[in-house]
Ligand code: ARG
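Below, in structure tokens: the form predicted on its own, a single chain.
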């Protein structure tokens, strides 16, 4: 199955080749002036220099070679030599019927599937997720779905921050805070014969029952702040970190509790956003790999002592700016975040052997990943083109800075999701929607609308840009918003239900009206939008396609009666177009991570 743009590109390339010019001049794109043409080719302008002929003369000869092409109703030359192409109604109808019968809604698979890891989410243990985690989660989930839909074998990894100095800080803070928590860490409960018989599996949960996420969220910033001004406290935390990583049982018991409490809350937020991971690995999962990895790097002469630390130099002669070395072992003898990231690449190589690893992380971490990736290439853990940082900007407030609460604090992700759901509930009431729904279905619909508002507001922008958070605008059922797209999908579902009740059935697509042509052309454009999103790791191409498709259907619905069509074949054709639009729209929305309700 070939989309019209590609089919026309092959035809125009053939026409250039037929007049002894390079076929690459035949590149076809969607027209800049849809009122004049469906597609265009500007190749005659570029070919004129090579052929030493006027571009219009070349364009006329190309048009002559295309005059009998079955896809085209007209080929016109504009200006100095622009080639405008208008597709025939028959070709549009054939293409729409192809898409209608395709389970993939008209989208092709990649010719050579790859094994891909998408690293996204990245929440830290013992801290509630906040708005800063939203973009990584939303973009990463969409990229995972896009790559999987294109045919790649994809694993999504949450990659927890569950190891390192922050754990030592929490252990010290917990021990200082509560004697029961200290009893678990220091195993003093074992001096009680009755408790000893019960065993750690039963005693620890009782002693730690009130060490919940709220407590951890309070303890960590207090401990981090104290470590900055109290050398003794900082040294205790460093010692606790080292003993934890050495496997001290009491500290491990406390750490496992931190992880369990945190994961429960993290799963709640991810589930609320419709985000799923194949792997729930953390930094701790590669701890056993670090010591042998470091020894191997030393043996190969890749580590160099620098100011007491062991580093790997990653700068290159052609660098236009200075890139510091990657610190692998600090001057205090501990492994660093970069060390863990390097070991994670090694772990993925051994366990999955991916051909591509994508890291969906804030653009502000670009230098860190450049260091890690270059180190991985030097170590032979990955090839140059197998590691990519998929950076993104920030979600900002109206002041242009990263979004904060009115009090100036960081907004928790759970609170943001609740805000969006509450606003969506109000919007549904304002629009007179959902009145016929049972309370449970209404709440589920409000949740889908709220999440769609958050996700589409993010994904409609190119990921590298920042954007201003405006919940009132994002939750509107008008304009370029997630709720508008859901509403259009629900409207088509309602139309198809009414058709089924009336016994009306879809038939072969027939194209006659301008709105039918426009809708068929947009349906045809899905494959190209998907390819762009895949190649550029940029879901905004699919977000734009979803909006264009919804708008095109709205115009079609307004100007082309469906159930009211007087001719039975026209009614059947328009029902087929409606059903095909719904299938493609829901496919695109799913790739963006949006779920459509059945009714509103």
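It should be emphasised that the depicted structure is a prediction, and the values quoted were computed from it without experimental measurement. Residue numbers count along the first chain shown, from 1.
Beyond what is shown, the protein has a form predicted together with the ligand; the following relates to that form.
> Give a yes or no on whether every one of 159, 337 and 341 sits within 4.5 angstroms of the ligand in the model of the complex by heavy atom.
The answer is yes; 159, 337 and 341 each reach the ligand.
> What is the one choice in 122, 81, 106, 434 with a heavy atom within 4.5 Å of the ligand in the model of the complex?
Flagged contact: 122.
> Please identify the residue among 330, 89, 466, 365 with any heavy atom within 4.5 Å of the ligand in the model of the complex.
Of 330, 89, 466, 365, the residue with a heavy atom within 4.5 Å of the ligand in the model of the complex is 365.
> Even though the partner isn't displayed, in the model of the complex is residue 233 close enough to the ligand, meaning a heavy atom within 4.5 Å?
Heavy-atom contact with the ligand at 4.5 Å: absent for residue 233.
> Even though the ligand is not shown here, does residue 283 get within 4.5 Å of it in the model of the complex, heavy atoms only?
Although the ligand is absent here, residue 283 would touch it in the model of the complex, with heavy atoms inside 4.5 Å.
> Give a yes/no on whether residue 425 approaches the ligand to within 4.5 Å in the model of the complex, heavy atoms considered.
Contact check for residue 425: no, nothing within 4.5 Å of the ligand in the model of the complex.
> Within a 4.5 Å heavy atom cut-off, is residue 277 in contact with the ligand in the model of the complex?
No - in the model of the complex, heavy atoms of residue 277 and the ligand never come within 4.5 Å of each other.
> Work out which of the listed stretches, 490-498, 354-362, 96-104, 255-263, brings a heavy atom within 4.5 angstroms of the ligand in the model of the complex.
Among the listed stretches, the partner-contacting one is 354-362.
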